[in-house]
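One chain comes next, on its own, written as structure tokens: the form predicted on its own.
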Amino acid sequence: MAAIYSLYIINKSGGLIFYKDYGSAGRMDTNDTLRLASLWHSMHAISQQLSPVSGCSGIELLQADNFDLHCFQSLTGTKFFVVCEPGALHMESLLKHIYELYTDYVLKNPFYEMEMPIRCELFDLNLSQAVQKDRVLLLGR
């Protein structure tokens, strides 16, 4: 079984700019993925405001019976989150690596317009390699 079910990248205003499904059991249509991204953006923002801890950056991990949702927010407000199997390890480091790929292959691309959907072949290729490496590491656990 794959550790990662899906990956989402949300811009600072809550728009879904990238989505990749890695073979989750229940595939969602486009409207459902947009709803999920918007809902997560809203829940993340509300959690920052309601947190009793000052300087809280929002929800980083949501655990459910059938999945975990790990989130990383960059300094610019872009959110990266993965839905993965419960108890999957090293998701924080994977998200940070995905952020590095995003900065290297998307933000440095002269044809990419900020806040727009990501359509970058090099990003897709390197992202697939990173996820594949993560799967190999998890199989060896």
Partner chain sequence: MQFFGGSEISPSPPAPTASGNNAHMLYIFNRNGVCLLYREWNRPLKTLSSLQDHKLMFGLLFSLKSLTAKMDPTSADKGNLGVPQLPGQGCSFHSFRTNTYKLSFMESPSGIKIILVTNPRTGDLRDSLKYIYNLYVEYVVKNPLYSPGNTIRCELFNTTVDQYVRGLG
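Positions refer to the first chain, counted from 1. The structure displayed is predicted, hence computed values, not measured ones.
Just so you know, the form predicted in complex with the partner chain exists too; it's not on screen, but the next bit is about it.
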| query | finding |
| --- | --- |
| Contacting member of I98, A88, L36, V106, with respect to the partner chain in the predicted bound form [4.5 Å, heavy atom] | L36 |
| Proximity to the partner chain in the predicted bound form (heavy atom, within 4.5 Å), stretch among 72-80, 37-45, 111-119, 98-106 | 37-45 |
| Distance check, Q63 to the partner chain in the predicted bound form, heavy atom within 4.5 Å | yes |
| Proximity of S93 to the partner chain in the predicted bound form, heavy atoms at 4.5 Å | no |
| Q49, heavy atom within 4.5 angstroms of the partner chain in the predicted bound form | yes |
